[in-house]
Each structure stands twice: as structure tokens, then as C-alpha cells.
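Next up is one chain by itself, shown in C-alpha cells, the form predicted alone.
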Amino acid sequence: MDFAFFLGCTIPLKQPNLEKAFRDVCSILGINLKEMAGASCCPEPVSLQSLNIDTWLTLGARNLAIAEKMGMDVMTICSGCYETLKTVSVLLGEDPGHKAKINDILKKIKYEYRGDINVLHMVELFSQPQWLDKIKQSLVKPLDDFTFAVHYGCHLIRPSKIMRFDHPEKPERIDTILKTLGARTINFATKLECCGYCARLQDEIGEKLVEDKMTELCELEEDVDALIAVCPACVSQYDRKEKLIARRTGKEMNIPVLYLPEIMAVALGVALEDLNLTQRSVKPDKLIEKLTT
């Protein structure tokens, strides 16, 4: 299966190890990723949308038009990119007048957005029954002895009227993928709380959200091997802030934060040394030890 691969900004610039893990998983599962030549920032789903909706829609429609020229659906691996591109496709699909307005702008740079492709997040694809079967058949190292906490984040499942692939209050798609790998997932009170990444103008708000979630996970009766996230911003936020909060408060916080394709790659047989799992603030030493014993 072929997809137009929308990589976004954050991962190639700051977290290439996350891209590597996703590409490894796709290679094993037989998914072909085609580069989107000329693609720009998605654009970012919070600030620019608030400043100028037409600029935001135009940039998003241009990216979708690139995929349309390729004749392929779009695959995203960042929840922010996913929300932007899917929202643009839904809004312009529901409003032909606004779509015509955006296309008048795009004509100046020789682009046209038709609206005839789909936008998918990797979780949306991997959690489909046929891909769950493929994952199960491809398992090399089942994660039977592992317990994970899942962070869904804001942009993957909300606004629910637009995203429309998982329950906004009781999501289960990431849990389902991890269970297919053999792992156990837990329910916890702060599971659906925001990571706080977008509260950068009031950093204390973001830190409080991280502290609440990581404190809860550290105080559970059972050990949590890792927090699993599917957005590079969420991965970065929890990893960096957890370490800073531990230093400031004296709390013992040592739960590593992994990107879903990293743990999928491990289960599908990718060598640990090829994944660079230690490239983070909280080193997953205990998890690596369990994987190698």
C-alpha cells in the first residue's frame, strides 16, 4: 500500500529517531511511503489558525493538493499535522464557497485543491482489523511482560466531529495496537489530560499537567514500563518536563516516554541498537533490560 508521507516539521528537525522507527515499521508491514516534494508546514493547528483562518486553510489545502497530484492518501505521524490536514479537508468539503475562495488563492501559484483524498494518522491505519492481523502475524518479540500507560493527547481524537475515528472520551485505538503486540495497558484518571505543550506562554500550566500525570503513574500499585504517545510534541513535553519537575520537587520520576512506532519496531524485530531508545531525558534503562533478558 502506498501513501503520500507528510512528515511535518518537528520530527525531521528535532526527532529523526522517531521517523526512523516509523519507517522501519512500515518497511516490515509492506507500507510504501512516497515523499511529498515541496510540502510545507501543515500549518501548525493552534496559533496560525487563530491569527488568520484563510491563510491556515490555504497552506493546508496546498499540502493536500500535492498529495492529490500524487494520487495518494496522506499518511501523518504527528497529531498536530493530522488535525490540521483533516480539519482543512472536512471544512472545505462542507463549504463549497470557501473551497472556491481558497482555490482562487491557490491558482496564483498553480495549485488546485479538489478534495478527493483521505488524511490518515498512523494510529487510524494500524488499528484497522486487517492491519492488526498483519501486525500480529509479523510479531518477532511479543511484549507479554510489559505494562504501558497510553497518552492520546488533544489533536488525535478532538474535535470529534472532524476526527471521527475513535471515541473522544473513551478512546481505545492505541490500546488495541499495544495489546496486539502482547502488552497490557492500564486505565488511569489523567489518561486524557493534555500534555501542556501548547501552554508555552504560561509554562507553569504545562508543567502542572505533566506533574499530575507522571505523579499518578509513579504512585500506581503496579509498575508502568513506559508512557506511550503518538505525537512528537507530547513525547518531547513529557520527557523533558518530567526530568525538570523531578529536580525541582524532589519527586522520584523515572517513567520513560516512548513514541508508539518505537515500541512497535521492537516487537516487530528491529534491533534495539538501531532505534536509539536512549536519546531522551529519561533513559528507558529498565525497559531495555527487560527486553534483553
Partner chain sequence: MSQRLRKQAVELDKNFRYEISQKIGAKSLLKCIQCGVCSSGCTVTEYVDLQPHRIVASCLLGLKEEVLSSQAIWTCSLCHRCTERCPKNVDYSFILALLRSMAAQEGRIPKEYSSSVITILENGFVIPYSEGMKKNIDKRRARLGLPEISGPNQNEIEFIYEETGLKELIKKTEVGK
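Positions refer to the first chain, counted from 1. This is a predicted model, so every value here is computed, not measured.
If you look for the form predicted in complex with its partner chain, you will not find it shown, but the lines that follow are about it.
Colleague: Identify which of I28, V46, M70, L244 has a heavy atom within 4.5 Å of its partner chain in the predicted bound form; exactly one of them does.
Modeller: If I apply the 4.5 Å criterion carefully, the residue I get is V46.
Colleague: In the predicted bound form, which of the listed residues (L192, L139, L132, L220) lies with a heavy atom within 4.5 Å of its partner chain?
Modeller: Only one listed residue qualifies here, and that residue is L192.
Colleague: Select, from the options 32 to 40, 220 to 228, 259 to 267, 244 to 252, the stretch whose residues sit within 4.5 angstroms of its partner chain in the predicted bound form by heavy atom distance.
Modeller: Going by heavy atoms within 4.5 Å, the stretch is 32 to 40.
Colleague: How about S236: is it within 4.5 Å of its partner chain in the predicted bound form, going by heavy atoms?
Modeller: No, S236 is distant from the partner.
Colleague: I'd like to know if L209 sits close to its partner chain in the predicted bound form, meaning any non-hydrogen atom pair within 4.5 angstroms.
Modeller: Answer yes; at least one heavy atom of L209 falls within 4.5 Å of its partner chain in the predicted bound form.
Colleague: Can you tell me whether A65 touches its partner chain? I mean in the predicted bound form, with a 4.5 angstroms heavy atom cut-off.
Modeller: Outside the cut-off, so no.
Colleague: Can you tell me if P159 lies within 4.5 angstroms of its partner chain in the predicted bound form, counting non-hydrogen atoms only?
Modeller: Result yes; P159 sits at the interface with its partner chain in the predicted bound form.
Colleague: G8, K20 and C154 - do all three of these have some heavy atom no more than 4.5 Å from its partner chain in the predicted bound form?
Modeller: Yes, the whole trio is in contact, each within 4.5 Å by some heavy atom.
Colleague: For the stretch 256 to 292, which residues lie within 4.5 Å of its partner chain in the predicted bound form by non-hydrogen atom distance?
Modeller: In sequence order, N276, Q279 come within 4.5 Å of the partner.
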